[in-house]
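In structure tokens, one chain follows: the form predicted on its own.
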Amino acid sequence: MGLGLGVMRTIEFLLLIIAILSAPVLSDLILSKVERRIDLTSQIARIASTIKAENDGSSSVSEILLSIPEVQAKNLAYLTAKLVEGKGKAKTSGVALAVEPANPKGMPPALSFYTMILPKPLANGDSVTLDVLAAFTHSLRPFPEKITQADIQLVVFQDTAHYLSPYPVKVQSLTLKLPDARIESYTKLENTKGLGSEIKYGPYENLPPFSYSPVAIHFEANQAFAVARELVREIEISHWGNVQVTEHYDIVHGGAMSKGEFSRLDYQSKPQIRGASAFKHLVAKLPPRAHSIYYRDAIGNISTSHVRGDSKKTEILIEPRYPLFGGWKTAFTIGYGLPLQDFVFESEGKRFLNFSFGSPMHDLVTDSITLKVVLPEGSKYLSVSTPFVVQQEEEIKMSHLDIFGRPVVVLKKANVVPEHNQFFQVYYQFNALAMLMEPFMLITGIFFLFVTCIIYVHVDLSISKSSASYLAKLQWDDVRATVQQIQNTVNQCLSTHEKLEASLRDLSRTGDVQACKAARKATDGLLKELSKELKPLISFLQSSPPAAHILPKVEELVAKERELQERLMAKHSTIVDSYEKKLGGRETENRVASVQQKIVALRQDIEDLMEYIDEI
């Protein structure tokens, strides 16, 4: 098969094969039968292996080694092993075995090893059957890596048809389960069968240790490749009866990158053809009595979600604002409340939270998860129990009415899959009397507020009318009122100036010289009346000590306004005289040019002085 062989002939796999050929052999155990089943119906490659091991050595064996190629081990998210009890149809998975990383001597660095510790040593001639489950993320590689909106998504998966083990294998077989879609190509070896969406390799007999036969499968996979690059879950416990859960998601479509333009019209008319590789929604399974559910992003609440529930679960269908094609991203937050009695219990004088670790989203791959458990203020003696290794930290969160802050247990883990959605426990001690702290603070605050109001109402806090500060305040109020009157009068003068300017515009339009002269005479009389009103106001400021710092500016303002009056009258007389002598427009402009420049400057000075006085 051209594509399969082309993909296989990479440097990594060549190095792996060379390293395997040079590896030493462990001969104490023989794997009499190995059945492997690889589920590729989602973006997570799940490999389930049933292994029957026999001790053919002279001494007892207490552990069994698993070997995984390093190129696959870097994507290993979950690994578990259990003993198989019973025979035939009565077989059941029993005791879970401890699985730990191992580093046996003399093994090639291209292989990663894990040891399964047996509950009791396996004597000579005895056998044991194990169920091993491994989940790998980012193992389905898009090929081609970039596709258009109309293309389907094709991926390549690589593995070995022979079970890679440091022990000899008598009989082994491999079955690959693919989505119900077309298969482009796959590696064909001896005893290979393709049955619909399944491909079977084997059985193969009498395989030596580290037997390796690479295979590649190229097939269509349009299922949701939803990857949470970062997930932050916050679980806040309130002993008033509620557990509040808030989850912040940063989602990306981890499949083939989208290229070209996106057509919303094509997508809506033919979503199965023009959007086969996109995913439109996510499904989250919440606990059965979840309430107060919300779904929003940075813009606000998102209404394209549906909630349905029964006695066993609450299911929420989340639809992003737009379909996600390869490489497209979205970020959102979901939150919900849960009854306290369903998740917080008491044991041996301690309380503990029993909650699931991973995301409630179906088949979501999480590159990095941060889980924060916010405990009530006053909690102490914290401890955590998890079914797998996580990074643990502690911090403090301040909230409303907190004094010392609430202790927060922070758990972090990378490469998380739905198999990690197991229960963990956070143990702590909490005195129920501490629950009364915040209500007591609230009641005390309200009490002191009312006491303060009563004191304020019954105590005379006014300043004495005979005090120097009160008299000074009255004097300053009089000064401010006077300055305000002066400003109002100056504004009236400026309005009168505008009427004088308007008469010149009427002259140029009608030619009525007598009307223009009459307007000037009326304006002159009005300005004289306004000037008379300013004199007593200026005199008051001159006699008032609090006005000493503002008086120079006020006097300058009045002087500027008088000068402006004179310039305007001169301009008006010159223009009327030129009009009577029937001089040209250019000659008239030349006669008043210097006066006009001064008028503009004076108006600017008056405006600046008014602003300065307002600020004072």
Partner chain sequence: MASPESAVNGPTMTAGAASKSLRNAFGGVIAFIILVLIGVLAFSIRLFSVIKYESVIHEFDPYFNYRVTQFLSKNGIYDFWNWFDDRTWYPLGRVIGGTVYPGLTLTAGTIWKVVNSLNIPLSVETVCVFTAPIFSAFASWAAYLLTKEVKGPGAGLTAAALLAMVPSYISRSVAGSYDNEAVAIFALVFTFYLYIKTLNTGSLFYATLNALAYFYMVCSWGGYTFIINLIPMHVLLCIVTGRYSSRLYIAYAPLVVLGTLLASLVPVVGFNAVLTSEHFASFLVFIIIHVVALAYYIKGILSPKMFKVAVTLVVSVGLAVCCAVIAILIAVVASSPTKGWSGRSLTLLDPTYASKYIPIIASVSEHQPPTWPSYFMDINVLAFLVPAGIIACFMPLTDSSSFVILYIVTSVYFSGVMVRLMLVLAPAACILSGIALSEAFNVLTRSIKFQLPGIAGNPSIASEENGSSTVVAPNDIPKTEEAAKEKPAKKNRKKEKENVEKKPTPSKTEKRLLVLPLEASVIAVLLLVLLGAFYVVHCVWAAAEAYSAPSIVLTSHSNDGGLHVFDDFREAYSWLSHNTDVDDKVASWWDYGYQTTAMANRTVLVDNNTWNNTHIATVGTAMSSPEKQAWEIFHSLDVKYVLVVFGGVVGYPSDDINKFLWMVRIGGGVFPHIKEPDYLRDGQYRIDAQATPTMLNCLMYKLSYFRFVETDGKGFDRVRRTEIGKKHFKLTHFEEVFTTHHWMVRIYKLKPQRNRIRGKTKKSKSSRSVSSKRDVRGKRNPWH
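Between two forms, the rigid core is defined as the largest C-alpha subset superposing within 1.5 Å. Residue numbers count along the first chain shown, from 1. Worth saying up front: this structure is predicted, and the values here are computed from it rather than measured.
As for the form predicted in complex with the partner chain, it is not shown, yet the points below apply to it.
**Student:** Considering non-hydrogen atoms and a 4.5 Å limit, does the partner chain approach S238 in the predicted complex?
**Tutor:** No, no contact at 4.5 Å.
**Student:** My question is simply whether L449 lines the interface with the partner chain in the predicted complex - judged by any non-hydrogen atom within 4.5 Å.
**Tutor:** Looking in the predicted complex, residue contacts with the partner chain do not include L449, since no heavy atom lies within 4.5 Å.
**Student:** Is G327 close to the partner chain in the predicted complex, meaning a heavy atom pair under 4.5 Å apart or at it?
**Tutor:** Yes, G327 is a contact residue.
**Student:** Is F388 one of the residues lying within 4.5 Å of the partner chain in the predicted complex, judged by heavy atom distances?
**Tutor:** So F388 does not count as contacting the partner chain.
**Student:** Look at the stretches 528-536, 117-125, 192-200, 294-302 and give the one with heavy atoms within 4.5 Å of the partner chain in the predicted complex.
**Tutor:** Answer to the contact question: 294-302.
**Student:** For this chain shown on its own, do K285, V408 and T482 all sit within 4.5 Å of the partner chain in the predicted complex, going by heavy atoms?
**Tutor:** No residue of the spot touches the partner chain in the predicted complex.
**Student:** Would you kindly say which of L401, A96, L317, I455 lies with a heavy atom within 4.5 Å of the partner chain in the predicted complex?
**Tutor:** Result of the distance check: L401.
**Student:** Which one of D477, E100, E230, E498 is close to the partner chain in the predicted complex, taking close to mean a heavy atom within 4.5 Å?
**Tutor:** It is E498.
**Student:** If we check the partner chain in the predicted complex, which of the residues in 264-289 reach within 4.5 angstroms of it by a non-hydrogen atom?
**Tutor:** Result: R264, L265, D266, Q268.
**Student:** Is C453 one of the residues whose C-alpha moves 2 Å or more between this form and the one not shown after the core fit?
**Tutor:** Moves: yes, 2 Å or greater.
**Student:** For a quick test of reading the superposition: does L568 move by 2 Å or more at the CA between this form and the one not shown, rigid core aligned?
**Tutor:** Where the cores coincide, L568 still shows a C-alpha shift between this form and the one not shown that is 2 Å or more.
**Student:** Superpose the two forms on their rigid core, then report whether the C-alpha of K350 is displaced by 2 angstroms or more between this form and the one not shown.
**Tutor:** False for K350: its C-alpha shift is below 2 Å.
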